[in-house]
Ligand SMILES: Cc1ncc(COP(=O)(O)O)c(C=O)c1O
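The chain below stands alone, shown as structure tokens; this is the form predicted alone.
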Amino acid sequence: MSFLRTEKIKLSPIKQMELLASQIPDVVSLAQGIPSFDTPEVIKKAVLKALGRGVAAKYSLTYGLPELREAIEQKLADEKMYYDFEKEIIATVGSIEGITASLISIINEKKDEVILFSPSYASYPEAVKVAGGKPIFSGLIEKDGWKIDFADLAKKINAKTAAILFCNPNNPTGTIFSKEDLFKLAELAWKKKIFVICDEVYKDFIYESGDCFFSLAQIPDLRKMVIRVFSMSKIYAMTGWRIGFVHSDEENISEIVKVHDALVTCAPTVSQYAAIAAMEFADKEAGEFCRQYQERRDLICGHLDDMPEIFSYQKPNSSYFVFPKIIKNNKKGKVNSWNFATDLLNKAKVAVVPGIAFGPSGEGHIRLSFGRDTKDIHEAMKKMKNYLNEQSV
């Protein structure tokens, strides 16, 4: 494994926009993907009980609390994924720590390239660099609903490729990759003997009844090549608790846990007790969050429909993001999304994320979060419409 960074690490553009927004009064933010909901009361009450019993103030085992990992094992089994809580599951500090620890464990001098889809989550390239690797982008096909471009993907794989890392459902597009395409991806990875790292934090937010979610971690024959990460942050409105997990075959987890131990010792014990309560008692609240996000998706898309001369977009089937393409004054190619976003921030007082944050294919787009409450969505989109319409005049 290699810890030599070859490229300079940068702060995520998402965090850059939030920092800029924090310095301007009266900004309405649709930038960072923070749920507007509070953590459900049932979770908070369980944590208070754990604190009262005096069991949350000390380190847990490096793998995590046994009772948490047992709860995860059962949850995974309910979803047709079968992993041993003792040897194949690690409680992590959110999904990004699980991803970074996994990358560090598999990247080495011979295999140091990690393929990322473009567009995909903005923190992936920096996590790859932290691990001593080199991010390689493979573009998704926008006109086909942001589908995987297998011809391009095959060209990007070579002897130095260590893994393919992707988010499904995708952030920022809200795409759900089909079972057929995931099998094609797995077949390609299998032939080339590379890992597949699946980040599935938005899998519980699916809005159309005809859509179904499939994970490669459900296939026993793929368990040695598939590393799957998940987080409680989105589904249970627990972004501040910083708790998630990673699971894979014992052979992989035995290496990942060494890096996890070196990075963080263990996930916060108090947050592990929160995660136990979340999985055992908060699914009703999670279902209500999903219902409200679907309403907010339709709300924000309705606002975009009022600006057809400025944006085109594909309605997301999942996550809580929409990724509109900027078509205003776009006769000479793609609009500079960073300039467009900073202009909105400074002049309309609306924070969005420039599409370039998500890879080369993201340029000419912006990401809007409908994880914010209805009032913020209305206010932000009204400000945006007024400013952009004034610019058109």
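So that there is no doubt, residue numbering starts at 1 and follows the sequence shown. Since the structure is predicted, the reported quantities are computational estimates derived from the model, not experimental observations.
The same protein has a further form, the form predicted together with the named molecule, not shown here; the description that follows concerns it.
Participant: 135, 94, 174, 132: which sits within 4.5 Å of the named molecule in the predicted complex by any heavy atom?
Facilitator: After the contact test, the surviving option is 94.
Participant: Taking 4.5 Å between heavy atoms as the contact cutoff, choose which of 231, 102, 272, 318 touches the named molecule in the predicted complex.
Facilitator: The residue from 231, 102, 272, 318 that makes the contact is 231.
Participant: Exactly one stretch in 295-303, 77-85, 193-201, 262-270 has heavy atoms within 4.5 Å of the named molecule in the predicted complex; which is it?
Facilitator: Result of the contact check: 193-201.
Participant: Given that the partner is absent here, does residue 111 sit within 4.5 Å of the named molecule in the predicted complex, heavy atoms only?
Facilitator: It does not: once the named molecule is placed as it appears in the predicted complex, residue 111 has no heavy atom within 4.5 Å of it.
Participant: Just checking whether residue 223 would be counted as a contact of the named molecule in the predicted complex - the rule being heavy atoms within 4.5 angstroms.
Facilitator: Result no; residue 223 lies far from the named molecule in the predicted complex.
Participant: Consider residue 167 of the chain shown here, and say whether it contacts the named molecule in the predicted complex, taking contact as heavy atoms within 4.5 Å.
Facilitator: Result yes; residue 167 sits at the interface with the named molecule in the predicted complex.
Participant: Decide whether residue 124 counts as a contact residue for the named molecule in the predicted complex under a heavy atom distance cut-off of 4.5 Å.
Facilitator: Although the named molecule is absent here, residue 124 would touch it in the predicted complex, with heavy atoms inside 4.5 Å.
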